[in-house]
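Only one chain is included here, represented as structure tokens and corresponding to the form predicted alone.
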């Protein structure tokens, strides 16, 4: 039985109209019905909600989104333009659906499982059922609930104990021109067993798509001593909306590193919630968001130090031109008993125009007394003294501003260890600065 509608939106109508066509067995249908009820209880957030105050989602609540075609038109040239060299495997999705022809998974070693959620759902795998029914994500989060209700595909990556991948895995999502007024809701599951190690780069690209909503949810768990480096690149079309929510559990002595690069979409939001649940757990969150025109790029992070001897590092940067708006909200929670916590948080923003806006809200909430925690935030423009220094050496003003802006961005790119991923990011940043911000 589907819950009664309290905050009816076009999503509610779309769910009821297409409920019988959504994949899954009885247990999945029950989850979907419960999820749409949770969504309707919450409704689409407004700017009156403190956690959503920087985003205007009114148009999303009025759009009649439909699901992309079951047989998308594949633009192979577009997809191949984003293929990375030196990867162990490539897992490609077109218009939200797994495409085996553009993927390459032949070199995966024993102990690694990489498959699409659609395949796992069709096999009615007990692991997927358990993962969804026992999910640690916040079911009251409106877009997590919406994701569960409309879930069709995504990827599952599991590494068994001691398996260590020496090359990165690329996950590529490509959107076509056929995505006008479409919505997809990918769900990802990453599980690394004890002492496993992996590097993953997710790329979301849809330069030709129209008004498209990509609503992504990820669940990540690292057991004792596991190490995961996750790099995300969001470079979707200027009419798109991109929402990305991740819940990460970091176990004893495990390491989680996240790098988020947001360049595209008219409206984007990246949320990461970290639970440092094991002693000596470590996480590093880095982000770079570059916006121009009337883009809005929102970032929200929560790092929950639940036990002692945890370490977290957080560094986000924003570059904003035109009438763009960037936002960062970061919360560090140190729970009672989480002694010897070591946490640092920093957000820096560079404004390239008088109409651009940056909002920063760093937060500390501490319930232990033996801790070392700090946070800081800055918003400013290019240093005129540095511009004068460069001009005094024969560099024109426009080029001087371009060089200083690029230098502000590239230190986060330079921190990427993999040479191929770093080169890809350098091109993405340079293109964004030149075409969108006018550098």
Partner chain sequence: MEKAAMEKALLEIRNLRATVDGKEILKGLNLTVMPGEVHAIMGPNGSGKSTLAHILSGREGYEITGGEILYCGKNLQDLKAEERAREGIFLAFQYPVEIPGVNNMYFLRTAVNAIRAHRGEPELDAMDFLSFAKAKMEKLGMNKNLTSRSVNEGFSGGEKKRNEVFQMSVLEPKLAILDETDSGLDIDALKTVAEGVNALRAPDRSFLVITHYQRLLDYIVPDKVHVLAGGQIVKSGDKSLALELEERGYVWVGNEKVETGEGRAQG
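Quick caveat: nothing in here was measured; it's all calculated off a predicted structure. Numbering follows the first chain given and starts at 1.
Another form exists, predicted together with its partner chain; not displayed. Remarks below refer to it.
Only one of 59, 381, 374, 386 comes within 4.5 Å of its partner chain in the predicted complex through a heavy atom, and that residue is 386. 403 is the sole member of 44, 412, 403, 31 with a non-hydrogen atom within 4.5 Å of its partner chain in the predicted complex. Contact annotation for the candidate site: 78, 84 and 86 all lie away from its partner chain in the predicted complex (no heavy atom within 4.5 Å). Contact annotation for residue 393: at least one heavy atom lies within 4.5 Å of its partner chain in the predicted complex. Interface residue remark: residue 407 is counted as part of the site for its partner chain in the predicted complex, having a heavy atom within 4.5 Å.
In the predicted complex, its partner chain sits beyond 4.5 Å of every heavy atom of residue 64. Mapping the unseen interface onto this chain, residue 397 counts among the residues with a heavy atom inside 4.5 Å of its partner chain in the predicted complex. Shown here without its partner chain, the chain has no residue in 38-68 lying with a heavy atom within 4.5 Å of that partner in the predicted complex.
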